[in-house]
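Okay, here we've got a single chain as structure tokens, the form predicted on its own, with questions on binding and movement later.
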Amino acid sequence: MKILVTGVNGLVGNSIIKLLFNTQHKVFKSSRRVEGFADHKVDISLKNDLDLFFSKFDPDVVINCAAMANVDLCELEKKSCDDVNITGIRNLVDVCARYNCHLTHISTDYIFDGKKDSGIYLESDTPSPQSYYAKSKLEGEKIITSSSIKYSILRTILVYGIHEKLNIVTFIKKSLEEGRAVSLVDDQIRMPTYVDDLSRACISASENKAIGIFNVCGSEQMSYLEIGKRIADHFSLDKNLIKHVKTKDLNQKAERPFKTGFDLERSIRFLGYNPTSFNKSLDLMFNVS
């Protein structure tokens, strides 16, 4: 297949193109600018960029990794958030409809309010977004699901892996290694997702043209505080540097759901999804044999 991957310089985009490297697919690596891993300029917020690319290359699948995902920044820069997370999706849907192209899109657990006792959500549960970011991602989903295109929407949770920009795991490990204290909450609970697991699910959904919404995350539900302690234990780092705080202490601009997780049965059945354990992912990330 001819696969356009947008947002290739981000964590997920990086991982997807690495996993696609030795396949038979023709892969087009794009970003807002031709830099880093990108060899094509495709800014999804600009309809003309998509029109020019599709008219020249006519891809079979788009895997959309482009998003404005800084939750607090989205509260402050709503137009920028809308440009990518809403207008960008509308542009993708329009061009995919005209060229009969399958769209694989990444969404988020933040579309839920986290007030369900178990924190475990099904694909069919009713969303209740609390932040502007979450509302924009849900609106993007609605644009896709109300269209006539073939699509896969993969909802995911707290993605981590090796990348030039720090994420929850690399930030904690680096801070502890350098002897710097980290403040971690015990009242936000997630099922963190190893990036290569999410990427494999995106590729599977694209290759099989899987239709609908799929939950993709790790198999272990834990607080941010527990994530930090697990990392410290795994790498024999100083747990005394981990400061126990509450969400209210952080003064974050955007509201977060307190407890989220996903039922993975649908993804296991239709995508062959098999999440890596948290400890195993740490070994894979840092080449521990």
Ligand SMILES: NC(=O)c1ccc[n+]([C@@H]2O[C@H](COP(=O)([O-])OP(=O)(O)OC[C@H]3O[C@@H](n4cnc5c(N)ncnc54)[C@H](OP(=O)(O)O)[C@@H]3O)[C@@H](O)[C@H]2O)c1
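Nothing here was measured: the structure is a model prediction, and the numbers come from that model. Position 1 is the first residue in the sequence shown; the rest follow in order.
The next section is about a form of this same protein that is not shown, the form predicted in complex with the ligand.
Proximity to the ligand in the predicted bound form holds for none of Ile153, Ile203 and Asn208, with the criterion being a heavy atom within 4.5 Å. Interface residue among Thr108, Asn215, Ser199, Thr104, judged by heavy atoms within 4.5 Å of the ligand in the predicted bound form: Thr108. With the ligand omitted here, the record of contacts in the predicted bound form names 159-167 of 159-167, 95-103, 142-150, 112-120, defined by a heavy atom within 4.5 Å.
Interface residue remark: Ala67 is counted as part of the site for the ligand in the predicted bound form, having a heavy atom within 4.5 Å. Although the partner is absent here, Ser281 is not a contact residue: none of its heavy atoms lies within 4.5 angstroms of the ligand in the predicted bound form. At the 4.5 Å threshold, heavy atoms of Ser45 reach the ligand in the predicted bound form. For Asn9, a non-hydrogen atom is located within 4.5 Å of the ligand in the predicted bound form, even though that partner is not displayed. Taking a 4.5 Å heavy atom cutoff to the ligand in the predicted bound form, the contacting residues in 113-148 are Tyr133, Lys137.
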